[in-house]
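Coming up is one lone chain in structure tokens, specifically the form predicted on its own.
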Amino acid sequence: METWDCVVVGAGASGLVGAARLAESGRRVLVLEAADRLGGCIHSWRPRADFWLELGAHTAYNSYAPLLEALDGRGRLGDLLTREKLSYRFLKSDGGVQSPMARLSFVEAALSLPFGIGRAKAGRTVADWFGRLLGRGNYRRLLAPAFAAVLSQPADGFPAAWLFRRKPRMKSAPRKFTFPGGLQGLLEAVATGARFETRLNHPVAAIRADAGGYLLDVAGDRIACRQLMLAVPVDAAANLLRDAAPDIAVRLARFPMIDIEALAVVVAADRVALPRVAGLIGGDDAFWSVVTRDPVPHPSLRGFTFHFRPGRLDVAGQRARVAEVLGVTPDDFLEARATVNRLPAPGLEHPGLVAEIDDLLAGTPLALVGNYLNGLSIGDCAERAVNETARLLAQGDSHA
């Protein structure tokens, strides 16, 4: 039976940042990933050798310092690609686009701002806090659809404290960036030549607590570890911890999940009527948002990922709507790829639930990281990974 100091389950941004920090501190670290690729919610589709398109998380910022530090540890910080400065637009009913500022009432904002600016975010929903900040009308017309586009789900009940939290910046990096091969390429660079071992196509079937840490059933084999970090979706974490940590598992099971149906297409640039944008906000349309490849331009191709509301349109209907928005026909799609992204859908009760989980984790050799613990962004995930890694390392030789 193999024995490791620490096993990290899940090779997304959270897992790889955590693994890198643990390994750099002298731990023998193994990363297990059920899929055939690195990335998790970061999924860069590469239909052609010189073209990629993001199917999941799509924008990274220099405020994601822990992720950039992991990349710097591989000597690859200089490979970052700066994204061209393009903006998001609302899609109008006539097929044109509209600046978000055109939906803002400055009078309403001026009247509301003095009463909303000093309110604490803790214990308030996005709709409550931002509606008071800029006014209910501005929230309805502008912020609600814009936030829903960012989160790919209704944002009204989302905890306000989890949205747009301040994070430390790495000022030497571009403010917005991507990487050759897409953001998945960045994670591949973090894992290449790292001090930890990564195994793809290795799903964990079960976890059992042991006097020396944990025992994992993996592809018919058993692996032992003194410390364990779970960097998997919240429902998967709940399932894996049913026996090893039932008090935590029952709380994780209270986090709802939502499916987002994504359809990505590649089209010849000279065929597309839509002006160059970073993305589109769908508003009441069948899709939450459209994310484009335009900020990293290609000489002859353009790419678009539509994030559809679940159950609104079948595949044929989605293809037809994509073609209509782009001003092309489905026959103009040079490449197309459909996928389903699964995200947590946290509500106002979830920060308190996370506090309960953290109390149960305190002093244990178990760490939980991912996009359900302090926010959905890549930066939130990396920040949680840093904090949980520090907690494991602080346990010293008692578990390592």
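Numbering starts at 1 and follows the sequence shown. From a predicted model like this one, the values you see are computed outputs, not experimental measurements.
Separately, the form predicted together with a small molecule exists; it is not shown, and the next lines address it.
The partner is absent here; in the predicted bound form, the one residue of R302, R89, R226, H307 having a heavy atom within 4.5 Å of the small molecule is H307. Interface residue among A345, L360, A35, L348 relative to the small molecule in the predicted bound form, by the heavy atom within 4.5 Å criterion: A35.
With respect to the small molecule in the predicted bound form, the three residues V232, A236 and L240 uniformly fall within 4.5 angstroms at the level of their nearest heavy atom. In the predicted bound form, none of the heavy atoms of L71 sits within 4.5 Å of a heavy atom of the small molecule.
The shortest heavy atom separation between T198 and the small molecule in the predicted bound form exceeds 4.5 Å.
Using a 4.5 angstroms limit between non-hydrogen atoms, G40 touches the small molecule in the predicted bound form. Proximity of P365 to the small molecule in the predicted bound form falls outside the 4.5 Å heavy atom cutoff. Between 52-60, 22-30, 350-358, 330-338, the stretch whose residues reach within 4.5 angstroms of the small molecule in the predicted bound form through a non-hydrogen atom is 52-60.
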